[in-house]
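Encoded as structure tokens, the following chain is the form predicted on its own, with no partner shown.
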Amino acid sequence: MKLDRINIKTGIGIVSLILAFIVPVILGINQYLLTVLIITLVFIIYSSAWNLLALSGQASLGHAAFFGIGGYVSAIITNSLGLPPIVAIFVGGFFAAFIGILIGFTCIRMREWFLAMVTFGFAIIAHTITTELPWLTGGWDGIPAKRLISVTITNYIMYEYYIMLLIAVAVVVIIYQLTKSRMGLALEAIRENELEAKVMGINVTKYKLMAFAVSAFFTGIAGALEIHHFGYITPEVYGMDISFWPIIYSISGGLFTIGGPILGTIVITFIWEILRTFGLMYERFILIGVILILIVIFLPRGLVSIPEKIKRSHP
């Protein structure tokens, strides 16, 4: 029975990956649709990173801080040092991870929502510092960032898409391997009962810091990828909505699962863009809120639990 579920999940994963590779070929060079797909891939990375932190029982309401830090650092070093964006992206990720470790050291002993409020406050601090350093960050106006692929190259946006796709796949695979490793088992044990995890000999501080560092690293990469796609970054990158989107995507898709953040990001983004085409701008927030409430009530394990729910109702 378990083997069948694994085979089904593997099959769905393979089919989804094939579709992801052929979609641009089917759509052609459609600027709008490819941009939507690129941003979807960015937020798949971001949501998966946030979900990894949640796996350890640590909640963050200010992950936009690491998203923005990764973006700003990457933009600054490409502008000042002339590094290619594909290299600077990972430098931005490492810097975000370093800050993540510092934050982790500061509040590692805090419980879930106390930690969440600290990270929320840190995002506000990061936003404020950024606006007060115009000589470095451009202040409220922001700074330009080199495009991942120069717009002078024919079909540049398609190349961007495939680069983003490869990075997103690599990140998801790495996170999957981490969840199946000793680290993943330790994080689950900590989330379920931190005291029992300590009694079992698990170094709680070490694994919590590792979760924070890895999550911040991939979040920083996601932020850098986004700004090198748009070619500009402003303090809006620290916005409250940027912190809340990965939470919405992960809860909608299925917390503590690999497929949850992916499915949640794709479905909610699709609904968001459909509503946009109908001219529903502010109304979108209300409808997405209603959808999230319905999912929490009727599908507490997220959209990934639908096949299992259907199977149970039709034995």
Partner chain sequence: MDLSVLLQILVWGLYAGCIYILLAIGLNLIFGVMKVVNFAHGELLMLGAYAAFWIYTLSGINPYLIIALAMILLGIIGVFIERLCFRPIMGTGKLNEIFLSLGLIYLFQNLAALLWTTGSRSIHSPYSDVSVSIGSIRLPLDYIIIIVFTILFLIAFQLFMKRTTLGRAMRATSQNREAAALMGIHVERMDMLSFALGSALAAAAGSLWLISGQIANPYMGSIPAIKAFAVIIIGGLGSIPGAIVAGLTLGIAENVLPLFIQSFVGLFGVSMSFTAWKDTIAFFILIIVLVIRPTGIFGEKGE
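Computed from a predicted model, the values in this text were never measured in an experiment. Residue numbers count along the first chain shown, from 1.
FYI, the form predicted in complex with its partner chain isn't displayed, but the following is about it.
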For its partner chain, considered in the model of the complex: do all three of I14, N203 and I258 come within 4.5 Å of it, counting heavy atoms only?
no
Is G57 near its partner chain? Define near as a heavy atom within 4.5 Å, in the model of the complex.
yes
How about L263: is it within 4.5 Å of its partner chain in the model of the complex, going by heavy atoms?
no
Residue-level contact is defined here as any heavy atom of the residue lying within 4.5 Å of its partner chain in the model of the complex; does I125 satisfy this criterion?
yes
Can you tell me whether G28 touches its partner chain? I mean in the model of the complex, with a 4.5 angstroms heavy atom cut-off.
no
Which one, L178, M158, M117, I143, lies within 4.5 Å of its partner chain in the model of the complex by heavy atoms?
M117
Of these, Y32, F278, F285, F270, which has a heavy atom no more than 4.5 Å from its partner chain in the model of the complex?
F285
Picking from 89-97, 127-135, 192-200, 217-225, which part of the chain touches its partner chain in the model of the complex when contact means heavy atoms within 4.5 Å?
127-135
Using a 4.5 Å cut-off on heavy atoms, which residues of 226-251 contact its partner chain in the model of the complex?
M240, D241, F244, I247, I248, I251
